[in-house]
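Next up is one chain by itself, shown in structure tokens, the form predicted on its own.
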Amino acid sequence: MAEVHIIGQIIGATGFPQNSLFCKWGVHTGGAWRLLSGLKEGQTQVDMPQIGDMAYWSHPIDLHYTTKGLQGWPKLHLQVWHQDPFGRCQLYGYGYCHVPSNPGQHRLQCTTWRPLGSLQDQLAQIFVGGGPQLRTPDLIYSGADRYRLHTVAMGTVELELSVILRYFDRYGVET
């Protein structure tokens, strides 16, 4: 079977309203894909930058997949969270990006968004915290009902990924 190695890191995030951020991430693939080694999901540490806007995580990603076909190419889905001084966590944004299909080193920027909610939800978020969240996180990367959501743009997550393809030429796929 053809193999894909994804090696890299979630560098950090910028453009969010407050600092003290962390990121929950995961990889979604189609049915023809099988994870040989690595973690399919994870979470970074909380970073509270002293200077500047960028929260640095430098969180490693190391995945090794085998596949029988190209359908369902891996996608990274991200959730950026804010942790306040009392340890409460609030969702700041959802985002996803496709893992590049050509081999080599890639620097990606993943734009994030969050559900807006009603006027009552927005007022409650200002005074109490929290905010609307997706019931099913599958909407992040599927897009099936995402067009009906009212959202607001948030910050950007920066990633650095190296992609290594192996045995694709044996299965008639040109790289």
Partner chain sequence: MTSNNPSAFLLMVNGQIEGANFPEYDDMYCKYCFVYGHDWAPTSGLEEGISQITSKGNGSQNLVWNFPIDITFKSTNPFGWPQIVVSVFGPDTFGNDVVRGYGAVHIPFTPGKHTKTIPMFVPESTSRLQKFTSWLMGRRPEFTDPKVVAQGEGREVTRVRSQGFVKLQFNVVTKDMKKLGYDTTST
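All figures in this text were calculated on a predicted structure; none of them were measured in a lab. Numbering follows the first chain given and starts at 1.
Although not depicted, the form predicted together with its partner chain is the subject of the following passage.
When contacts are judged by a 4.5 Å heavy atom cut-off, G26 does not count as touching its partner chain in the predicted complex.
Although the partner is absent here, M154 sits far enough away that none of its heavy atoms falls within 4.5 Å of its partner chain in the predicted complex. Taking non-hydrogen atoms only, T112 never approaches its partner chain to within 4.5 angstroms in the predicted complex.
A residue is said to contact a partner when one of its heavy atoms sits within 4.5 Å of a partner heavy atom; T14 fails this definition for its partner chain in the predicted complex, lying far away. Of the residues in 78-95, only Q83 comes within 4.5 Å of its partner chain in the predicted complex through at least one heavy atom.
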